[in-house]
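Just the one chain here, laid out as structure tokens, in the form predicted on its own.
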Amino acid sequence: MKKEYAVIGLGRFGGSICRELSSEGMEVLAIDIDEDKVNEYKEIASHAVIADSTDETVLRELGIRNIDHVIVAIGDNIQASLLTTLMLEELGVKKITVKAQNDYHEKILSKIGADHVVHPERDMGKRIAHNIISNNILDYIELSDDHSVVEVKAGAKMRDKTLVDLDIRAQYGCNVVAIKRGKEIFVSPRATEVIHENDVLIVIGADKDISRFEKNLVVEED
């Protein structure tokens, strides 16, 4: 069965999620207190309704407890975000993802029932910072507070060497989990695999280890 989603708050972040889920063919209930925003998503989401998500009666009438995954993407109104999250938890929603404004907001959300808390601005800032550090850092994804995954374009120090030669796991505590070569992807590559000029390495590890890996093997001098 196809999963059902609800997105509460149709600003830039919530609207983007709504569009992406809808484009993937998912059933999406779009909710906002602003009529103009709801009208904007009437032709995009499966259903779009004007509603106050801090009103428990309204949430019950919308059948929100039957939704598989609710994303709370309310903008600057932290109180509304917290109240909505609390009510979703009390109504028994299976999975709740919430956008946090700051670390304090995140702590409260985690205590009152949010299954997953995201910081889109902070996380994007980290990704951009890693891209700025080196042209060879293609992408950066935070897995937890301490671990991440990076996509690395093979630098001069890596080219024509094997994974054994580079000894990344022993030297830096990171693991190369895949190599992308054109349209091919080598998952769990062999230790004898030679790194080619345009290869992209997917590396996983602790942030401190990845940082050492980047400084020593990835970042190239101008």
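Each residue number is its position in the shown sequence, starting from 1. Note that the coordinates shown come from a computational prediction; the quantities given were computed from them, not determined experimentally.
Omitted here: the form predicted in complex with a small molecule. The next part is about that form.
Interface residue among A80, V117, M87, I71, judged by heavy atoms within 4.5 Å of the small molecule in the predicted complex: A80. Listed residues D34, E56, E193, D165 were compared with the small molecule in the predicted complex; D34 is the one with a heavy atom within 4.5 Å. Considering the small molecule in the predicted complex, the lone stretch of 47-55, 149-157, 22-30, 181-189 in range is 47-55 [heavy atom distance within 4.5 Å]. The small molecule in the predicted complex comes within 4.5 Å of a heavy atom belonging to R12.
At the 4.5 Å threshold, heavy atoms of G75 reach the small molecule in the predicted complex. By the criterion of a heavy atom within 4.5 Å, I8 is counted among the residues contacting the small molecule in the predicted complex.
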